[in-house]
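Only one chain is given next, in structure tokens, and it is the form predicted alone.
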Amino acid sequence: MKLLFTMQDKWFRENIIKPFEKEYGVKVNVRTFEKEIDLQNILELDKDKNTIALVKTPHTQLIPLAKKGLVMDLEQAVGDRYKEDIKEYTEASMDMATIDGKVYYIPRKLETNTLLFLKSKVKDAVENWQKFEADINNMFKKYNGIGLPKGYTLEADPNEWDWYDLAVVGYYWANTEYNGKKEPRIAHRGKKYGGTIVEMLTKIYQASGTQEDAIAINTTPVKDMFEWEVLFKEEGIYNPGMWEEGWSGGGIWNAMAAGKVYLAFMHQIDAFFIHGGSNPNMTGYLVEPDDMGVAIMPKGVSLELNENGEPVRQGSHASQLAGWWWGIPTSTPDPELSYELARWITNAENHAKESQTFGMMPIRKDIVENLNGTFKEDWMQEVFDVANRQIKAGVKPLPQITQWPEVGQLYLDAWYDIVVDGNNKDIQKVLDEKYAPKAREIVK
């Protein structure tokens, strides 16, 4: 992602900041930061200096910066005029900009995981998976005592899939020879970092879990998530590069380029890199870029089936919502000009250009409602259309507690312990005795 940051920073300075400086007759000093937590320290140090006009704020810092009084609400900054302006932005982006009934931020971009796959390989699996049906049935029987759900069929449209479908497709691919080799073709991030935590959190949400479930770390949706993760690992459906090489998003891009992965869970920017975007440095990772497909996330269901052969627990097609917003520091030298800069960055022309160049999910209603007229390529329109449909299908942000990074680390530890290292004979016991007590200690 360093490549993306460098590309985006240079483009932003040249195409957004320089025209603003010319228009308003001012000089803007754009500075960067390494870690999200550094924002609080930077703004604390600026309290008496009044040098920072605007700060790009990640979703993890929206509430902390507001609660600590380090950014001002928009009414404090510019009075009532903001109320009409914010009608231009999408509901999802403004929901997270609003804290305790006050609007603190102007949105910059949203991002959510969706399903990304090779259309030709999905078609192959849909048409031919039944030659492995008996083996697949026996595989599931080991875990739920029954096998596939009663009357099971694999839908041709990935937008309709649930976790059973994902496993069926993954089993078919792993046991079918492609390019002279059989190997697992599904992956998610496995590096010991925040991206892998988001993969697990997303699955908890799909299993009807809440932020409170995620914090507790031992409730039924969490257990369901780990049970499926174990199955995908133990049955050779997940590509082992996830944990052996510690794949981040870029690792999965490279695996797709090498023909090792046919399906993963990706942000919109990932999709632009994988397909190849309008930025000259986004050269693509696929031999056939038009073979890339996207869909909303699969529906979470329990492995456990009832007497009618149906999953005992039915979840949803949910995903996790993240993004970045523009905040005006309380130490700003000029609140009005800070606000004008945020609005300039996110005006229709500038936001459309940046979204098209870097795959940023649009946060302006006029762009969201006119994807065909805004984006020149059909695949770009599809990426953003699916992102919008994912929001409608259900999205939730990270748990909004300051201790979430420490709790998230427990998920990384648990995933490597339970899934990778095989400590999964009694998942509920492991969660109850080893990880839930640590989580309670962290958040008490």
Partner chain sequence: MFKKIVAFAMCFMLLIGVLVGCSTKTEVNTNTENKQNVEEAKQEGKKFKADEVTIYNAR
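Numbering follows the first chain given and starts at 1. A quick note: this is a predicted structure, and the numbers were derived from the prediction, not measured.
Absent from the display: the form predicted in complex with its partner chain. The rest refers to it.
Colleague: Residues 230, 240 and 420 are flagged as a possible site; in the model of the complex, is every one of them within 4.5 Å of its partner chain by some non-hydrogen atom?
Modeller: No.
Colleague: The chain here is shown without its partner chain. Which stretch in 146-154, 93-101, 335-343, 174-182 comes within 4.5 angstroms of it in the model of the complex, by heavy atom distance?
Modeller: Contact-bearing stretch, as computed: 335-343.
Colleague: Which residue, 401, 42, 393, 412, has a heavy atom that falls within 4.5 Å of its partner chain in the model of the complex?
Modeller: Residue within 4.5 Å of the partner: 42.
Colleague: Of the options 65, 407, 387, 54, which one has a non-hydrogen atom that comes within 4.5 Å of its partner chain in the model of the complex?
Modeller: Comparing distances to its partner chain in the model of the complex, the residue within 4.5 Å is 54.
Colleague: Though only this chain appears here, would residue 326 touch its partner chain in the model of the complex if you measure heavy atom gaps against 4.5 Å?
Modeller: Flag for residue 326 set to yes.
Colleague: Do residue 37 and its partner chain share at least one heavy atom pair within 4.5 Å in the model of the complex?
Modeller: The answer is no: residue 37 has no heavy atom within 4.5 Å of its partner chain.
Colleague: How about residue 14 - does it come within 4.5 Å of its partner chain in the model of the complex, if we only consider non-hydrogen atoms?
Modeller: Residue 14: no contact with its partner chain in the model of the complex.
Colleague: Residue 23 near its partner chain in the model of the complex, any heavy atom under 4.5 Å?
Modeller: Looking in the model of the complex, residue contacts with its partner chain include residue 23, since a heavy atom lies within 4.5 Å.
Colleague: May I ask you to list the residues of 369-392 that have any heavy atom within 4.5 angstroms of its partner chain in the model of the complex, in sequence order?
Modeller: Stretch hits: zero.
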